[in-house]
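One chain comes next, on its own, written out as structure tokens in the form predicted alone.
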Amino acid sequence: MRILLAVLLSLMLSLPCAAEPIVIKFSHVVAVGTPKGKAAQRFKELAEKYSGGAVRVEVFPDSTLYKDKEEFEALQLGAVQMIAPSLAKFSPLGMRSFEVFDLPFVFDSEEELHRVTGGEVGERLLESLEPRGIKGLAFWDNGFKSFSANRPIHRPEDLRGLRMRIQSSQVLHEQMRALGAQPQVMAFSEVFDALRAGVVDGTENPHSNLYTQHMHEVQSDVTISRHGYLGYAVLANLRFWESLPWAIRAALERALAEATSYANGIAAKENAEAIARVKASGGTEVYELTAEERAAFRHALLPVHRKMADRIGRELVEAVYRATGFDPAAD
């Protein structure tokens, strides 16, 4: 009993005064109703609950504070304490290894994906951020991507000549070039206006992003291709994280673990509901690739794996192949 009381007293003394809560600014670029948006809100609620009010999390969704390219700098400077950028956005930091998640068709299911993000490879990737002043905390799913454009896309050649918006990933650049498209890097917050104005012809997104950003309203066709994955890494400013009292950090880790389970549990459902709403809108034709058509895309995009292996790191690529069962020779 004395030990229990001593532990409780230690916890209480470790928490800051309720009148001066620790403020965590959590910035992200997608809508509140997306899997990431909902997970960030869940983290806020749990962090405040488990810290007994000693922490206040302020969530800034939909690029209200920073756009894609600005988030990392804001985190490293301490202007915000947490972000959850797409895994495709790490290469400007010199972290090319995260582009392994952009390899086309490398994941066939969430189960294969989680063998990577929840295993040794994922742990190693998050730890590799620390020399850059960043604490890697977790991976959150969004889902598998579909193509959208103002023409039907059934075969690889249907993308030829299209100006396709991509994230700032060299792998995604090579993916579009392999399909004969013109890759256009653009901040997520600018995509709807660019599609509407005809600055770009199409894009690739999980359905929740497509729907919540109203992209389907300016795209006549969506093709369910599941050709790539889009997920996020939850990051904190390393100096801030290490400065926290251990009891606060434990509360945040508990909140984050539950928010991660929640995020990864709802992603597939949210995307299924989003594409159903796109269909119901009546203004966009939704087409799902046949097995033969999907095989044609896989064949067209397999050279991207070979071309990008040295950039990403061959040992890492092969570790992902082992975890997922992907066989580049099976094409």
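Treat the numbers as computed from the prediction; the structure is a model and nothing was measured. One-based numbering along the sequence shown.
Beyond the structure shown, there is the form predicted together with a small molecule, which is absent from this document and is the topic of what follows.
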Looking in the model of the complex, is the small molecule within 4.5 Å of a heavy atom from each of 175, 226 and 301? no
Partner proximity in the model of the complex: residue 165 to the small molecule, non-hydrogen atom cutoff 4.5 Å: yes
Is it the case that residue 68, even though its partner is missing from this view, gets within 4.5 Å of the small molecule in the model of the complex, heavy atoms only? yes
Is residue 30 near the small molecule? Define near as a heavy atom within 4.5 Å, in the model of the complex. yes
Report yes if any heavy atom of residue 138 sits within 4.5 Å of a heavy atom of the small molecule in the model of the complex; otherwise report no. no
Among the candidates 169, 148, 142, 117, the residue which, in the model of the complex, approaches the small molecule to within 4.5 Å (heavy atoms): 142
259, 247, 153, 230: which sits within 4.5 Å of the small molecule in the model of the complex by any heavy atom? 230
Counting any heavy atom within 4.5 Å as contact, can you tell me which stretch out of 99 to 107, 153 to 161, 203 to 211, 247 to 255 lines the small molecule in the model of the complex? 203 to 211
